[in-house]
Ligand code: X2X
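First, one chain by itself: the form predicted on its own, in structure tokens.
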């Protein structure tokens, strides 16, 4: 019996070596399937980024690492604010997650939600690809996950079912759906609105029923979700924050892979994130902004703020910015402001 066991083990080991499989997989440490969490599905640029990453990893590892997508943050019952904790605990293996949704656990990620910090895409890139982004990845590593690349959900514009928004006074009393972040509550309260926290799964029915009047999201999300069909007829382009995404892996899962496969997954994340950012910005970076033209064909009134009109929103939210600068970390915010000032436009 011992001889048979020895022979069986030897044959299995020889087969693994012959096939050129990594040692970790030969020892059975690789999972047959890895769970990737996403808030939005593949109809959205966000989910598309996750799909591209999963495909590249599967192809480049010759099927050693297979990833299944779980959109709608279904691994945490749709509660996107619980995603990061579940990722850290191992309930989730991988994710393409939002800095906004993870900010309740990692306060420094509130940097991207400081109102009117980033005036353009070059400013957003200066943060994610510069010193602030490096510092934030180091912070995430200390929190027990492995961040690999920066993606992007986009600039969050505001829409509502009542009237055009051109000044803070136009927001007074409007019920605006926001993500579960105290900074969002402070920002919209300062503007005179009535911010209402709810998950994205609950948001669309709430808009359809009139339980909330408006929401803020990138135009690509608005378009893919067809929010005009749930009464969101007025859109204001104010670009008050940009929502970066992070391609990340649970630390234990990462450590279970060989160095070779770690390198493959990392490069796949970088390549996929680059593609995802391009998809996210498509229709908004062109001079004629075709996505906005598309909105008007659906009966949406699109309001473009003048510099003076936008400045009124900046001024109204400045006390919130100053308060949260201290909570995010003055050194980090100062580094961000410096990077933006030095950006190449």
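Numbering follows the first chain given and starts at 1. The structure displayed is predicted, hence computed values, not measured ones.
If you look for the form predicted in complex with the named molecule, you will not find it shown, but the lines that follow are about it.
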item	value
Contact residue in the predicted complex, from 101, 128, 110, 242 (heavy atom within 4.5 Å of the named molecule)	101
Contact residue in the predicted complex, chosen from 57, 277, 36, 40 - any heavy atom within 4.5 Å of the named molecule	40
Candidate stretches 110 to 118, 177 to 185, 267 to 275, 231 to 239 - the one whose heavy atoms come within 4.5 Å of the named molecule in the predicted complex	177 to 185
The named molecule in the predicted complex: contacted by all of 46, 80 and 200, heavy atom 4.5 Å	yes
4.5 angstroms heavy atom contact with the named molecule in the predicted complex for residue 217	yes
Residue contact check: residue 153 to the named molecule in the predicted complex, 4.5 Å heavy atom	yes
